[in-house]
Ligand code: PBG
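Just one chain is shown here, as structure tokens, and it is the form predicted on its own.
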């Protein structure tokens, strides 16, 4: 045989020499949950190793991540029900929990990038990403000013990257214009471009208590059966001024990630969501697989499919492993 592919696999050094993709700490974004009050961190039952942090504990966690070389954290607020209403009023409170947390992180760790989520569900008494009519319809155009003002409050607090996760039509352009008009033209937008109506979000919704009170999110999040639709969404978001495009979830949508890589020159992100994290943790606890090996293989698959960055609850664990190599 003249052609023997195994020659390129014969030793660790040879495998490293011909390696096509590498997972690095700089690729990782760590999602973190911040809660009200100053009490101890609260474990999230369905996400072993993940917590809701008070602002002080959040700062400690951000410090540990920065020491490991993780360049960015993505923050999500866990609010009590009395802070929620139909119009997400608390999202515009510049002295609220979320702006306070953003300011605290940026003041203590100015070099650490802070990404923040823009959607109504953490603040909404309805639990939806958009404004809900009396008939139960999600109102697209009426939601856009709420999202834009929410984004501005976050940018004013110091957010480096705004992450619209709502999936309303036209929201990237609306937010971009509002930020620019108010002097925040350098604030980036990482659009949740292809966000699917997935069964893998359950643990996240437990963490924020943000599940819809009625109905589902299928009129705004994407149908898992569709791939071409993701290309359409990507082209629209790019034209509206997005700086980075995201696919969410990650593992079931590697094909979508690859197709976006072949379509756009914008950087691509992937969200390795709570359900993907939980299933590896659960299987590893039962001894059904090697959790560390499975984690690294999964994260590497996102790089191979075209992701420049990965939002993952494995960020700290993966960074600790990579630092030892």
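Numbering follows the first chain given and starts at 1. Just so it is clear, the model here is predicted, and its values are computed rather than measured.
One more form of this protein should be noted, the form predicted in complex with this ligand, which is absent from this view; the next part is about it.
- 201 is the sole member of 201, 123, 98, 253 with a non-hydrogen atom lying within 4.5 angstroms of this ligand in the model of the complex.
- In summary, among the residues 86, 106, 92, 205, the only one with a non-hydrogen atom within 4.5 Å of this ligand in the model of the complex is 205.
- From the list 147 to 155, 106 to 114, 233 to 241, 213 to 221, the contact stretch for this ligand in the model of the complex under a 4.5 Å heavy atom rule is 213 to 221.
- Contact annotation for residue 171: none of its heavy atoms lies within 4.5 Å of this ligand in the model of the complex.
- The shortest heavy atom separation between residue 302 and this ligand in the model of the complex exceeds 4.5 Å.
- Under a 4.5 angstroms non-hydrogen atom cutoff, this ligand in the model of the complex has residue 248 among its neighbouring residues.
- At a distance threshold of 4.5 angstroms between non-hydrogen atoms, residue 32 is out of contact with this ligand in the model of the complex.
- Heavy atoms closer than or equal to 4.5 Å to this ligand in the model of the complex belong, across 243 to 277, to the residues 248, 271, 273, 274, ordered by sequence position.
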